[in-house]
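Given as structure tokens, the chain that follows is alone and in the form predicted on its own.
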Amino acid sequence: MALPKRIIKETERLVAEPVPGISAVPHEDNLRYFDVRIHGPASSPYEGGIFKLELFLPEDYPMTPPKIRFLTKIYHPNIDKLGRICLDVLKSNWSPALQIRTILLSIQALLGAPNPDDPLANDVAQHWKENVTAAIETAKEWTHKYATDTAT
């Protein structure tokens, strides 16, 4: 089945004008499925890390949001052990006016500003609230362990 013009245009723009610190490459055999890499924002516990995500555009995109999850392990109150992301624009605040690049920028911003008051990983959020310094240290350790070139 042919891809809608909207997806073709968004994909072409992602390739022609990449977002700094973000790459999204569609699979050759399924242009609705993207391999995504997001660099951890500077001055965040995720700085220096490159996080792999998968993004899938459902048949009814853009009427419904893309399906996105982290493949790289991450210690973050808004991302659970399965890589699912708690982000309003992927759920209740989705709008067909949003694009893949906007969503990826929102995820990158979430890395720079974790929100333990709207958690998906309750244990991580609890740690963040009780001892933010220790939680940030754990996030840095996980970033080094799972999201850098030295990660095994």
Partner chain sequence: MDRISIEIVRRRTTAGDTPTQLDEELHWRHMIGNLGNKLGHSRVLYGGFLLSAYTMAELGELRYDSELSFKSLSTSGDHFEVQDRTLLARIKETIQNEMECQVCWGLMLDPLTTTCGHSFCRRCVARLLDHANSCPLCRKQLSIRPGATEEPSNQRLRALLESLIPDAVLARAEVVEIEESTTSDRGRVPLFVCGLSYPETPTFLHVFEPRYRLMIRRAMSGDRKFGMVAYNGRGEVQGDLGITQFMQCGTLLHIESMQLLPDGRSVIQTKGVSRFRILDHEMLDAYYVGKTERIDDIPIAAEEALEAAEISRFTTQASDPGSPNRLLSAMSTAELMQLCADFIERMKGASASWLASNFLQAYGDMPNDPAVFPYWFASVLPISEAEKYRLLPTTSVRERLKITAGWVRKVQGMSLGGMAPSANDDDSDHNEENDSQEMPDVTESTDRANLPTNGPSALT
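Positions refer to the first chain, counted from 1. Small disclaimer: the values here were computed from a predicted structure and weren't measured.
This next part talks about the form predicted together with its partner chain, which is not shown.
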Worksheet entry | Three-residue site Arg84, Ile136 and Glu141 fully in contact with its partner chain in the predicted complex at 4.5 Å by heavy atom | no
Discussion item. To verify the annotation, which of these, Ser95, Ser43, Asn30, Asn122, has a non-hydrogen atom within 4.5 Å of its partner chain in the predicted complex?
Written reply: Ser95
Item to complete: Within 4.5 Å of its partner chain in the predicted complex, counting heavy atoms only, one of 96-104, 34-42, 122-130, 47-55 shows up; tell me which.
Response: 96-104
Practice prompt. Would you please decide whether Pro26 lies within 4.5 angstroms of its partner chain in the predicted complex, comparing each non-hydrogen atom pair?
Written response: no
Worksheet item: Does its partner chain get within 4.5 angstroms of any non-hydrogen atom of Pro62 in the predicted complex?
Response: yes
Item to complete: Tell me, yes or no, whether Lys145 is in contact with its partner chain in the predicted complex, where a contact means a heavy atom of each within 4.5 Å.
Response: no
Item to complete: Determine the residues of 5-44 with a heavy atom within 4.5 Å of its partner chain in the predicted complex and present them in sequence order; the list may be empty.
Response: Lys5, Arg6, Lys9, Glu10, Arg13
